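Only one chain is given next, in structure tokens, and it is the form predicted on its own.
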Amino acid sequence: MIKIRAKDLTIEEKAKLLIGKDFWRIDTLGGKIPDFLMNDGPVGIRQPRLSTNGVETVQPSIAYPSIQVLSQTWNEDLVYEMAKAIANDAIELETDIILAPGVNIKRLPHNGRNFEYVSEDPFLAGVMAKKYIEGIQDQKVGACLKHYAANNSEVSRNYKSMEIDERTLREIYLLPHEIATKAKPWLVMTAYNLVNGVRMSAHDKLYRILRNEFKFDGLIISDWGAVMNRTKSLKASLDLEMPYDKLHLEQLLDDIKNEKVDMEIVDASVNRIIDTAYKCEEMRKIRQINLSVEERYNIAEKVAEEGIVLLKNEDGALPLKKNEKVLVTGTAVDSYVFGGGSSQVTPREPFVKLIDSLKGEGLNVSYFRTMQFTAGAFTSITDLKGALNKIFIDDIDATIVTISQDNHAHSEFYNRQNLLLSNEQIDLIKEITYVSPKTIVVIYSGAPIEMNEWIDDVDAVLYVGYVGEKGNKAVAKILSGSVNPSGKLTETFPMFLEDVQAYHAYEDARVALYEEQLSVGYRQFVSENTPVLFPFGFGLSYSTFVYDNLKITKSGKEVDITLTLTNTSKIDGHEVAQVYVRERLPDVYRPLYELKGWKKVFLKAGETKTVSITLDQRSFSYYSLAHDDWHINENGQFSIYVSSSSIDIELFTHIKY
């Protein structure tokens, strides 16, 4: 078969190909080139379809745990498995390219879209996204890395310029893209915002970095409606504008005819679109569904089991015992809680209710309704007095209070106003703690919330996040003890939103000034020694672990770290050993220390294992503005910290690199 190239097309055909045909597809030019279908999909395939009466509906698909929950597993193999499962869903729904994963940094904890993103740490975000892309594309389905770059807020995102110095841009905001593009995603999607005064849909400087330095040779696609000037974006090397825009097409065609854009640039983008179309056609012929629906649900449940984080467990309040009488109440007991925007998936099956899951684990549970949950932060207390009486009358041993913020609070298009729960939910927790012998708070939320008003009064806190349609089975297993929690936070939970440096940076309707520079997330808190509610990398287990025998060997440019981990409890469990690097006498400002490696390890009760983690040259480098490259100071002296969280240092040593 002879494949069409740009040289075989008319100017009109080339212009048509550079702008989508509709909302999800390209123009095939009357069948001259193959078609391909793109759909949203970071937590499941969101495929809109028009029904017979012209109303748009969304095809049901498995609703997986959010990317935030997935990242909290710290399990690269599990990231790969979930991506593989979603790719199977894509094949089933005849989707060629999944618009995921998102690696934007969680600069602000109240950013409305944070539940879609991996972390506040760029290294972790990049490594996880790389594995996610591999999981999708090994199934012959395309992945789209997004949003390039610095889409860190949803407020006025189409018009705001993110003002970022070069070093911060390189070390924090571009690094996850640099790492993830090593997996060769088929597409990279640009962000809505501007960076340093230039719209990302036409940012030739950052595109040159993407193509020349990161070696990305695939298709650069706009976010939907992000292009303001098609000719300017084409000159910068944005290949495909989505979706269809009649006025943009007319203007582009006129500019091409009047030679306002070099035909070599036009042809290069046209050929990349054609190459992607042929690749999709070729992959379509050999794609195979290799996971049953049941296997995909099992993967989703496993992600939830490893991604849920136990934040507090006073005096062994959890796991619950079979003989305990447990009351369940709150906002999320009988409602499905999820994030909004392009990650809002229509579940394939009815969601599993928490009360049913707890009964399935053999617990003696009853339910009493105390909250009317409407949307976002809007809740109202119903019969709280009845619940309190029930605790006394039924001699309840423990009360599970579920609290939540849903797709009306966490969504694309806007940020949260604060990190607070509704007053009614706070009142509910406080009232329950007055009378219940034991109170366990279970949190369904896409990002950190403030807990200062009540956390000292409760016995246990389980941070669930958005765990998908079957995720409550995992919640129940952790509460009952049939699963040992192993999730760890991939973002800091500050005491107060006001503790975050970036929150105080200058911002108006046109500009967001990244005044905090490298002090993002835990980098700020550990460098300033500012107290936090829960640190990055933190998560409790029903097991206990001992770190020992740290050894370091330097071989060429690599540093090999070994240590032993021992499970000193009677319960099998996972631990995440984290490696942070600190330059002891830097010539430029550097955060106190930064994450450079980790390993999640399963240990049987009483078992000891040797853990190995390798660091490369970049683990010790900073981006030097003087050298315009990554740089290590001559005779650099470094501390190596092995930790169970960003503040809980278990072992340390020093090395000259």
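In case it trips you up, residue 1 is the first one in the sequence shown, and so on. Only a predicted model underlies this, so the values are computations on that prediction, with no experimental measurement involved.
The same protein also exists as the form predicted together with beta-D-glucopyranose; that form is not shown, yet it is the one meant from here on.
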property: Location of beta-D-glucopyranose contact in the predicted bound form, chosen stretch of 515 to 523, 390 to 398, 143 to 151, 263 to 271 [non-hydrogen atom, 4.5 Å]; result: 143 to 151
property: In the predicted bound form, the one of 87, 561, 99, 328 near beta-D-glucopyranose [non-hydrogen atom within 4.5 angstroms]; result: 99
property: Contact residue in the predicted bound form, chosen from 309, 189, 441, 124 - any heavy atom within 4.5 Å of beta-D-glucopyranose; result: 189
property: All of 24, 40 and 412 with a heavy atom within 4.5 Å of beta-D-glucopyranose in the predicted bound form; result: yes
property: Residue 72, heavy atom within 4.5 angstroms of beta-D-glucopyranose in the predicted bound form; result: no
property: Residue 575 within 4.5 Å of beta-D-glucopyranose in the predicted bound form, heavy atoms; result: no
property: Residue 107: touches beta-D-glucopyranose in the predicted bound form, heavy atom cutoff 4.5 angstroms; result: no
property: Contact label in the predicted bound form: residue 445 to beta-D-glucopyranose, heavy atom within 4.5 Å; result: no
property: Residues in 213 to 244 close to beta-D-glucopyranose in the predicted bound form, defined by a heavy atom within 4.5 Å, in order; result: 223, 224
